[in-house]
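This document starts with one chain, in the form predicted on its own, laid out as structure tokens.
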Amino acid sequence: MSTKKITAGISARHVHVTREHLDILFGEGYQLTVKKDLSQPGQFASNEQVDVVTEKGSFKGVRILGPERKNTQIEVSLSDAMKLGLKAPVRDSGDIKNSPGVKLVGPKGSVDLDEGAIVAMRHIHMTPADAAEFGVSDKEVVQVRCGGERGLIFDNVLIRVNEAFALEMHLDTDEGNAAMCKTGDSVELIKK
């Protein structure tokens, strides 16, 4: 097993949008602008934000992550989902089928989504070379140890392998808070 360090990245609630929905929310032909590059190559936090609204709650100013995606998706923590009154499933990013919908409100218009709200499954991005070094494969499920004062072992961590990825584990804010783990901390992969 590799002793290579895996860095944690804590992911706050965010939205991914399609070209079609970006046009509705911000105006025809609008382009997302980069606020900050993210750890995964080509991914960025945009300056653009929308409101996420349900019958039971809302969040103002939820950041859109770019670039545009093939599906509009809202990623929230379990605490966020409870505040919104949603039974958001825990899923791999992109798997939105039969998930609850929300309303997105932008400066130029709004979109009522039939589906799209999920709690992203905790996961580790890695290259094929990283996967070979750790002895794991794409879609494998492992455990990860987060050390520290309230350290714990996370079960059901999905391995995601792609040549374009940078080695990093993604946790949502609930998970990071539970383990007192913050972006930049090192975590340890444990094979089941």
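When you see a residue number, it is the position in the sequence shown, counting from 1. None of the values given here were measured: they were computed from a predicted structure.
The protein also exists as the form predicted in complex with another copy of the chain; that form is not presented, and the subsequent description refers to it.
> Within 4.5 Å of another copy of the chain in the model of the complex, do Val90, Asn156 and Asp172 each have at least one heavy atom?
Yes, the whole trio is in contact, each within 4.5 Å by some heavy atom.
> Tell me, out of Lys103, Lys83, Lys108, Lys97, which residue has a non-hydrogen atom within 4.5 angstroms of another copy of the chain in the model of the complex.
Here the answer is residue option Lys83.
> Would you mind picking the one in Gly148, Pro67, Gly57, Pro128 that has a heavy atom within 4.5 Å of another copy of the chain in the model of the complex?
It is Gly148 that has a heavy atom within 4.5 Å of the partner.
> In terms of non-hydrogen atoms within 4.5 angstroms, which of the given stretches 23 to 31, 159 to 167, 119 to 127, 41 to 49 touches another copy of the chain in the model of the complex?
Checking each option against the 4.5 Å cut-off leaves 119 to 127.
> Test of understanding: in the model of the complex, would Ser137 fall inside 4.5 Å of another copy of the chain by heavy atoms?
It does not: once another copy of the chain is placed as it appears in the model of the complex, Ser137 has no heavy atom within 4.5 Å of it.
> Is there any non-hydrogen atom of Leu152 lying within 4.5 Å of another copy of the chain in the model of the complex?
Leu152: yes, in contact with another copy of the chain in the model of the complex.
> Using 4.5 Å between non-hydrogen atoms, is Thr183 touching another copy of the chain in the model of the complex?
Residue-level check for Thr183: no, no contact with another copy of the chain.
> Using the partner position in the model of the complex, report whether Thr18 sits within 4.5 Å of another copy of the chain, counting heavy atoms only.
No, Thr18 stays farther than 4.5 Å from another copy of the chain in the model of the complex.
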